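As a starting point, one isolated chain is supplied in structure tokens, in the form predicted alone.
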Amino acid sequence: MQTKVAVYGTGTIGSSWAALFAARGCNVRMYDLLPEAREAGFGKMRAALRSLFPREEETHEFRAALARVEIAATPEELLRDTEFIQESVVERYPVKREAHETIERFARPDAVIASSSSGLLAHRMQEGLARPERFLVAHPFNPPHLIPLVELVPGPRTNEDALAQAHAFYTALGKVPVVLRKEIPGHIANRIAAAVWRETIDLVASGAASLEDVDKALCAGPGLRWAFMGQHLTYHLNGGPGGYANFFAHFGPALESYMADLVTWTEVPAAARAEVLRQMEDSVRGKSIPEMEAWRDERLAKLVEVLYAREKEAVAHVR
């Protein structure tokens, strides 16, 4: 890919996006309001890029990808002749609005503006834009350079051409885009995660199981299947020859009895929060966040390599 991509906002998400874009052949410019944030973002981008080329020595591919990234000193420099803009600033409407106004001032009229928002509503961010039809939300799962999912959320004024461009662009990168046709807080994956999180908190706080065992039950059980098929397909296969209809008939009543017993609170109780925080401290056994991030990213990279090998081959062919 020879697409020119601008990354506006060089925090954890922006720097991770930049690494992915560069690794897949895009020419990337990075920009943040503060010079120190730009420098720090470039360092994070380099570290993320390293995880995509995991050899001890600096390979030709790694050096070539790194050479495709530059830091822009001004928004005008960032956006010159840019075809695709990935905005990843702080998750607040006023901050997003200011960034989008700046982007529109200097960007090409036909450029796609994609916001890495995890929960803000696209229609609110379109308010006041001169070209709302070129704007949409493109929410990645963290870290974007490793996890394939990207949730595309068009606003009511986003045109189909911009959505199609974004879908094709992310697909060519090896991402797995999903499209929301209705705006809802949290999009798809974070809503599912919130529902699971609530129940995992209650299982620990109620004394049903330890935090470590709750996490083990999730990742050693359903989490393995979730890595390559969703809940609907899982239960369709669990229904045997009769498929999903048979599952509803034979297992539905049991699961509905579980649903009746699930917690329904909408704010985490203070006592429950305190208990999971205490057990988390015990569980990590003094390991630092950077240590655990490195452990996570190493395993994510291996898992994605196995599960998405064909997609990676297709991306290599496009390049």
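Worth saying up front: this structure is predicted, and the values here are computed from it rather than measured. Just count from 1 along the sequence shown to find any residue number.
FYI, the form predicted together with a small molecule isn't displayed, but the following is about it.
Engineer: In the predicted bound form, does each of 202, 263 and 283 have a heavy atom within 4.5 Å of the small molecule?
Structural biologist: No residue of the spot touches the small molecule in the predicted bound form.
Engineer: Taking heavy atoms only, is residue 82 within 4.5 angstroms of the small molecule in the predicted bound form?
Structural biologist: So residue 82 does not count as contacting the small molecule.
Engineer: Would residue 34 count as touching the small molecule in the predicted bound form under a 4.5 Å heavy atom rule?
Structural biologist: Yes.
Engineer: With a cut-off of 4.5 Å between heavy atoms, is residue 139 one of the residues that contacts the small molecule in the predicted bound form?
Structural biologist: Result yes; residue 139 sits at the interface with the small molecule in the predicted bound form.
Engineer: Residue-level contact is defined here as any heavy atom of the residue lying within 4.5 Å of the small molecule in the predicted bound form; does residue 122 satisfy this criterion?
Structural biologist: Contact with the small molecule, no.
Engineer: Counting non-hydrogen atoms within 4.5 angstroms of the small molecule in the predicted bound form, say which of 164, 195, 220, 95 makes the cut.
Structural biologist: The option sitting close enough to the partner is 95.
Engineer: Here the chain is shown alone; which of 112, 71, 89, 150 has a heavy atom within 4.5 Å of the small molecule in the predicted bound form?
Structural biologist: By the 4.5 Å criterion, the partner-contacting residue is 89.
Engineer: Of 25-33, 247-255, 289-297, 270-278, which is the one stretch near the small molecule in the predicted bound form, taking non-hydrogen atoms within 4.5 angstroms as near?
Structural biologist: So the stretch in question is 25-33.
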